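Below sits a lone chain in C-alpha coordinates, taken as the form predicted alone.
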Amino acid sequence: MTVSTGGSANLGAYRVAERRERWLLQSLVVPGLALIGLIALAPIGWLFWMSVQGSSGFTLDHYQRLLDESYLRTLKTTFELSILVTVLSIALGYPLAYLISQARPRLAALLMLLVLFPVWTSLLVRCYAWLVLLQRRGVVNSWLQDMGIIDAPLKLMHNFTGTTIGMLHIMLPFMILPLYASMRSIDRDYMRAAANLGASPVRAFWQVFVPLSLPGLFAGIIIVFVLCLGFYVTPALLGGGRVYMWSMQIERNVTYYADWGAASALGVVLLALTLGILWAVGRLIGFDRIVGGK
(Lines give C-alpha, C1' and ligand atoms only; values in the text may rest on other atoms or scores of the structure.)
Protein backbone atom coordinates (compact mmCIF):
# COMPACT_ATOMS: atom_id res chain seq x y z
CA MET A 1 0.00 0.00 0.00
CA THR A 2 2.86 2.36 0.81
CA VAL A 3 4.59 1.54 -2.47
CA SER A 4 1.41 2.24 -4.43
CA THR A 5 0.93 5.61 -2.75
CA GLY A 6 4.55 6.54 -3.43
CA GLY A 7 4.19 5.57 -7.10
CA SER A 8 1.06 7.72 -7.48
CA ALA A 9 2.81 10.66 -5.87
CA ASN A 10 5.78 10.30 -8.20
CA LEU A 11 3.45 10.07 -11.20
CA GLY A 12 1.58 13.21 -10.12
CA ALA A 13 4.83 15.11 -9.63
CA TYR A 14 6.01 13.94 -13.06
CA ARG A 15 2.82 15.20 -14.71
CA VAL A 16 3.09 18.56 -12.96
CA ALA A 17 6.70 18.89 -14.10
CA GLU A 18 5.68 17.90 -17.63
CA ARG A 19 2.95 20.53 -17.75
CA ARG A 20 5.31 23.16 -16.37
CA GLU A 21 7.93 22.32 -19.00
CA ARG A 22 5.29 22.43 -21.76
CA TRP A 23 4.13 25.87 -20.63
CA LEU A 24 7.72 27.11 -20.49
CA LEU A 25 8.37 25.89 -24.04
CA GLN A 26 5.15 27.44 -25.31
CA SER A 27 6.00 30.73 -23.62
CA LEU A 28 9.08 30.98 -25.85
CA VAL A 29 6.83 31.76 -28.84
CA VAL A 30 5.06 34.62 -27.05
CA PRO A 31 7.61 37.30 -28.13
CA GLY A 32 7.34 36.11 -31.75
CA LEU A 33 3.54 36.13 -31.65
CA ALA A 34 3.55 39.58 -30.07
CA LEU A 35 5.87 40.86 -32.81
CA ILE A 36 3.65 39.37 -35.53
CA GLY A 37 0.60 40.93 -33.92
CA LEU A 38 2.29 44.32 -33.71
CA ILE A 39 3.72 44.32 -37.24
CA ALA A 40 1.04 42.45 -39.22
CA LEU A 41 -2.25 42.05 -37.39
CA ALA A 42 -2.43 45.53 -35.85
CA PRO A 43 -2.08 47.35 -39.21
CA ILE A 44 -4.69 45.05 -40.74
CA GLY A 45 -7.06 45.86 -37.89
CA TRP A 46 -6.41 49.58 -38.34
CA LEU A 47 -7.00 49.21 -42.08
CA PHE A 48 -10.36 47.57 -41.49
CA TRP A 49 -11.33 50.22 -38.93
CA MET A 50 -10.50 53.05 -41.31
CA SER A 51 -12.53 51.41 -44.10
CA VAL A 52 -15.77 51.69 -42.10
CA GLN A 53 -15.18 55.17 -40.69
CA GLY A 54 -16.57 58.35 -42.22
CA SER A 55 -17.04 61.95 -41.20
CA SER A 56 -20.19 60.99 -39.27
CA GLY A 57 -18.92 57.72 -37.80
CA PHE A 58 -19.60 54.18 -38.97
CA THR A 59 -20.35 53.91 -42.69
CA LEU A 60 -20.22 51.45 -45.58
CA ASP A 61 -19.99 54.16 -48.24
CA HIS A 62 -16.36 53.33 -48.98
CA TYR A 63 -17.32 49.77 -49.91
CA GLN A 64 -20.32 50.89 -51.94
CA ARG A 65 -18.04 53.10 -54.05
CA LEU A 66 -16.11 49.99 -55.08
CA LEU A 67 -19.09 48.98 -57.21
CA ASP A 68 -18.45 51.91 -59.56
CA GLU A 69 -17.40 51.04 -63.09
CA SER A 70 -13.91 52.53 -62.72
CA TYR A 71 -13.10 50.39 -59.68
CA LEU A 72 -14.49 47.23 -61.28
CA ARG A 73 -12.47 47.91 -64.43
CA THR A 74 -9.34 48.28 -62.33
CA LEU A 75 -10.09 45.03 -60.52
CA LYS A 76 -10.64 43.27 -63.85
CA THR A 77 -7.30 44.53 -65.16
CA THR A 78 -5.57 43.36 -61.98
CA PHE A 79 -6.89 39.82 -62.30
CA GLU A 80 -6.30 39.67 -66.06
CA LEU A 81 -2.66 40.66 -65.63
CA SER A 82 -2.16 38.32 -62.66
CA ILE A 83 -3.64 35.34 -64.49
CA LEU A 84 -1.73 36.06 -67.71
CA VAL A 85 1.61 36.45 -65.92
CA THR A 86 0.97 33.26 -63.92
CA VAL A 87 0.18 31.24 -67.07
CA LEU A 88 3.25 32.59 -68.89
CA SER A 89 5.39 31.86 -65.83
CA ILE A 90 4.25 28.24 -65.96
CA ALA A 91 4.89 27.99 -69.70
CA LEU A 92 8.43 29.39 -69.39
CA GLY A 93 9.34 28.30 -65.87
CA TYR A 94 8.46 24.60 -66.04
CA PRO A 95 10.75 23.70 -68.96
CA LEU A 96 13.58 25.78 -67.50
CA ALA A 97 13.19 24.22 -64.06
CA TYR A 98 13.15 20.76 -65.65
CA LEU A 99 16.32 21.57 -67.59
CA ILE A 100 18.10 22.75 -64.44
CA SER A 101 16.95 19.71 -62.44
CA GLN A 102 18.30 17.30 -65.08
CA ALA A 103 21.59 19.12 -65.68
CA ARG A 104 24.91 18.21 -64.12
CA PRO A 105 25.67 19.86 -60.76
CA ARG A 106 28.05 22.52 -62.10
CA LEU A 107 25.82 23.43 -65.03
CA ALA A 108 22.76 23.42 -62.76
CA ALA A 109 24.51 25.78 -60.34
CA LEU A 110 25.39 28.14 -63.21
CA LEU A 111 21.83 28.10 -64.58
CA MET A 112 20.39 28.69 -61.13
CA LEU A 113 22.77 31.62 -60.68
CA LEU A 114 21.42 33.14 -63.90
CA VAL A 115 17.87 32.64 -62.64
CA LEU A 116 18.61 34.29 -59.30
CA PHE A 117 20.68 37.16 -60.68
CA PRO A 118 17.64 39.34 -61.55
CA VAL A 119 16.31 38.87 -58.00
CA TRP A 120 19.48 40.45 -56.63
CA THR A 121 18.99 43.51 -58.84
CA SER A 122 16.87 46.44 -57.71
CA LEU A 123 13.27 46.38 -58.91
CA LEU A 124 13.52 49.96 -60.17
CA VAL A 125 16.70 49.17 -62.10
CA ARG A 126 14.97 46.27 -63.85
CA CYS A 127 11.93 48.38 -64.72
CA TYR A 128 14.03 51.21 -66.16
CA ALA A 129 16.10 48.65 -68.07
CA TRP A 130 12.92 47.41 -69.72
CA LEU A 131 12.02 51.02 -70.54
CA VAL A 132 15.29 51.31 -72.43
CA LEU A 133 14.75 48.00 -74.21
CA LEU A 134 11.08 48.40 -75.15
CA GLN A 135 10.75 52.07 -76.11
CA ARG A 136 10.08 53.05 -79.74
CA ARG A 137 13.77 53.65 -80.42
CA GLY A 138 14.91 51.07 -77.92
CA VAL A 139 17.13 48.06 -78.37
CA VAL A 140 14.34 45.64 -79.33
CA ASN A 141 12.71 47.83 -81.98
CA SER A 142 16.06 48.92 -83.40
CA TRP A 143 17.22 45.32 -83.68
CA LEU A 144 13.98 44.20 -85.36
CA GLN A 145 14.14 47.09 -87.84
CA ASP A 146 17.81 46.44 -88.63
CA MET A 147 16.97 42.81 -89.32
CA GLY A 148 14.17 43.86 -91.65
CA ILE A 149 11.53 42.05 -89.62
CA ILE A 150 9.42 45.17 -89.05
CA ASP A 151 9.07 48.47 -90.88
CA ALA A 152 7.67 50.61 -88.04
CA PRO A 153 8.45 50.43 -84.32
CA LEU A 154 6.19 48.17 -82.29
CA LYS A 155 4.25 49.54 -79.33
CA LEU A 156 5.91 47.54 -76.56
CA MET A 157 5.73 50.08 -73.76
CA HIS A 158 3.04 52.00 -71.88
CA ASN A 159 0.51 49.27 -72.59
CA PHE A 160 -0.61 45.81 -71.49
CA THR A 161 2.22 44.10 -73.40
CA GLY A 162 5.06 46.01 -71.77
CA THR A 163 3.55 45.60 -68.32
CA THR A 164 3.21 41.85 -68.84
CA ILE A 165 6.82 41.52 -69.99
CA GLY A 166 8.14 43.43 -66.98
CA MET A 167 6.02 41.52 -64.47
CA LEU A 168 6.90 38.19 -66.07
CA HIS A 169 10.61 38.95 -65.82
CA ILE A 170 10.24 39.69 -62.11
CA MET A 171 7.95 36.76 -61.29
CA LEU A 172 9.68 34.01 -63.26
CA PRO A 173 12.25 33.13 -60.52
CA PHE A 174 9.42 32.72 -58.00
CA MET A 175 7.94 30.04 -60.26
CA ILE A 176 11.23 28.32 -61.05
CA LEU A 177 12.52 27.99 -57.48
CA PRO A 178 9.66 25.87 -56.01
CA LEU A 179 9.47 23.85 -59.24
CA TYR A 180 13.20 23.14 -59.11
CA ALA A 181 13.04 22.12 -55.45
CA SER A 182 10.16 19.75 -56.19
CA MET A 183 11.81 18.26 -59.28
CA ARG A 184 15.14 17.69 -57.53
CA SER A 185 13.37 15.61 -54.88
CA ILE A 186 11.93 13.21 -57.50
CA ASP A 187 13.83 9.92 -57.53
CA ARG A 188 15.04 9.15 -61.06
CA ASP A 189 14.42 5.46 -60.42
CA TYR A 190 10.71 6.17 -60.96
CA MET A 191 11.40 7.15 -64.57
CA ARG A 192 13.58 4.07 -65.07
CA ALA A 193 10.87 1.89 -63.61
CA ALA A 194 8.31 3.38 -65.98
CA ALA A 195 10.64 2.75 -68.91
CA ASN A 196 11.15 -0.88 -67.81
CA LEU A 197 7.38 -1.30 -67.75
CA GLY A 198 7.17 -0.24 -71.39
CA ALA A 199 6.40 3.45 -71.12
CA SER A 200 7.91 5.78 -73.70
CA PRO A 201 9.94 8.77 -72.44
CA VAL A 202 7.08 11.14 -73.24
CA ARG A 203 4.50 8.96 -71.51
CA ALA A 204 6.74 8.44 -68.49
CA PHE A 205 7.25 12.20 -68.25
CA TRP A 206 3.53 13.04 -68.32
CA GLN A 207 2.29 10.16 -66.18
CA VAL A 208 5.13 9.92 -63.65
CA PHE A 209 7.29 13.04 -63.53
CA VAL A 210 4.64 15.74 -63.95
CA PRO A 211 2.30 14.42 -61.19
CA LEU A 212 5.24 14.20 -58.78
CA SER A 213 6.21 17.81 -59.55
CA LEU A 214 2.71 19.21 -58.91
CA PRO A 215 3.45 20.36 -55.31
CA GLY A 216 6.15 22.71 -56.61
CA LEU A 217 3.90 23.84 -59.46
CA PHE A 218 1.02 24.65 -57.11
CA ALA A 219 3.35 26.51 -54.75
CA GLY A 220 4.74 28.56 -57.64
CA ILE A 221 1.25 29.39 -58.92
CA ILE A 222 0.15 30.67 -55.51
CA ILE A 223 3.31 32.75 -54.99
CA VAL A 224 3.24 34.34 -58.44
CA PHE A 225 -0.49 35.02 -58.54
CA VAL A 226 -0.70 36.52 -55.06
CA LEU A 227 2.34 38.74 -55.63
CA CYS A 228 0.93 39.92 -58.96
CA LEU A 229 -2.28 41.05 -57.27
CA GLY A 230 -0.33 43.65 -55.29
CA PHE A 231 2.06 44.86 -57.99
CA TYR A 232 2.59 48.60 -58.15
CA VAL A 233 5.99 49.79 -59.41
CA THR A 234 6.14 47.80 -62.65
CA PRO A 235 2.62 48.67 -63.90
CA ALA A 236 3.15 52.31 -62.92
CA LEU A 237 6.37 52.60 -64.95
CA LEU A 238 5.81 50.24 -67.89
CA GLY A 239 2.07 50.84 -68.06
CA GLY A 240 2.54 54.58 -68.38
CA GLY A 241 -0.79 55.33 -66.69
CA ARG A 242 -2.72 53.29 -69.25
CA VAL A 243 -2.60 50.03 -67.30
CA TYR A 244 -4.31 50.68 -64.00
CA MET A 245 -4.17 48.09 -61.25
CA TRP A 246 -5.83 47.87 -57.84
CA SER A 247 -2.68 48.90 -55.98
CA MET A 248 -2.36 52.02 -58.12
CA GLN A 249 -5.96 52.91 -57.26
CA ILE A 250 -5.07 52.69 -53.58
CA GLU A 251 -2.06 54.97 -54.06
CA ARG A 252 -4.16 57.49 -55.99
CA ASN A 253 -6.82 57.68 -53.28
CA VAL A 254 -4.17 58.41 -50.66
CA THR A 255 -1.87 60.72 -52.65
CA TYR A 256 -4.31 62.78 -54.68
CA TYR A 257 -7.51 62.69 -52.63
CA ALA A 258 -6.20 61.96 -49.10
CA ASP A 259 -9.12 59.54 -48.83
CA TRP A 260 -7.84 56.97 -46.37
CA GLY A 261 -11.26 55.40 -46.00
CA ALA A 262 -11.57 54.50 -49.68
CA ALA A 263 -7.94 53.36 -49.83
CA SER A 264 -8.47 51.19 -46.75
CA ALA A 265 -11.60 49.65 -48.27
CA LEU A 266 -9.61 48.81 -51.40
CA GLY A 267 -6.91 47.21 -49.27
CA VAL A 268 -9.41 45.19 -47.24
CA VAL A 269 -11.14 43.90 -50.38
CA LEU A 270 -7.81 42.96 -51.97
CA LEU A 271 -6.77 41.15 -48.78
CA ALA A 272 -10.12 39.35 -48.60
CA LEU A 273 -9.84 38.27 -52.25
CA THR A 274 -6.32 36.98 -51.68
CA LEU A 275 -7.32 35.01 -48.59
CA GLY A 276 -10.38 33.69 -50.41
CA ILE A 277 -8.22 32.45 -53.27
CA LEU A 278 -5.80 30.77 -50.86
CA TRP A 279 -8.70 29.14 -49.01
CA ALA A 280 -10.22 27.89 -52.28
CA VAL A 281 -6.89 26.44 -53.39
CA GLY A 282 -6.49 24.77 -50.02
CA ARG A 283 -9.96 23.22 -50.29
CA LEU A 284 -9.57 22.05 -53.89
CA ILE A 285 -5.94 20.93 -53.83
CA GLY A 286 -4.91 20.75 -50.20
CA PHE A 287 -2.01 22.59 -48.65
CA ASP A 288 -0.44 19.25 -47.74
CA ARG A 289 0.12 18.60 -51.45
CA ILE A 290 1.46 22.11 -51.98
CA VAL A 291 4.10 21.71 -49.26
CA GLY A 292 4.89 18.18 -50.41
CA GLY A 293 3.07 16.31 -47.67
CA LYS A 294 1.64 12.83 -48.07
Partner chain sequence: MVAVGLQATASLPISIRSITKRYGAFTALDAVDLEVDSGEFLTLLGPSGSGKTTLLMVLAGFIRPESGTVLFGERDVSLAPPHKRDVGMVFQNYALFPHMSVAGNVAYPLKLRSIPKAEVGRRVREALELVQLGTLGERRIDQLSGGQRQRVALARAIVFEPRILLMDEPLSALDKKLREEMQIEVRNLHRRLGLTTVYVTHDQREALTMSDRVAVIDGGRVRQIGRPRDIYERPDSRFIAEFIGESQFLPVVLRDGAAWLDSHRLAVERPPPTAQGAHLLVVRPEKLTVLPAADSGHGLNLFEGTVKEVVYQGESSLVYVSLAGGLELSVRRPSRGADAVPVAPGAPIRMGLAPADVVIVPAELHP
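Numbering follows the first chain given and starts at 1. Keep in mind that what you see is a predicted model, and the values were worked out from it rather than measured.
One more form of this protein should be noted, the form predicted in complex with its partner chain, which is absent from this view; the next part is about it.
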| query | finding |
| --- | --- |
| In the model of the complex, the one of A199, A129, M183, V115 near its partner chain [non-hydrogen atom within 4.5 angstroms] | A199 |
| Contact assignment for its partner chain in the model of the complex, among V208, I165, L154, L177, heavy atom within 4.5 Å | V208 |
| Partner contact for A194 in the model of the complex: its partner chain, 4.5 angstroms, heavy atom | yes |
| 4.5 Å heavy atom contact, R203 to its partner chain in the model of the complex | yes |
| Proximity of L123 to its partner chain in the model of the complex, heavy atoms at 4.5 Å | no |
| is_contact(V140, its partner chain) in the model of the complex, heavy atom dist at most 4.5 Å | no |
| Candidate stretches 80 to 88, 155 to 163, 211 to 219, 67 to 75, one within 4.5 Å of its partner chain in the model of the complex by heavy atom | 211 to 219 |
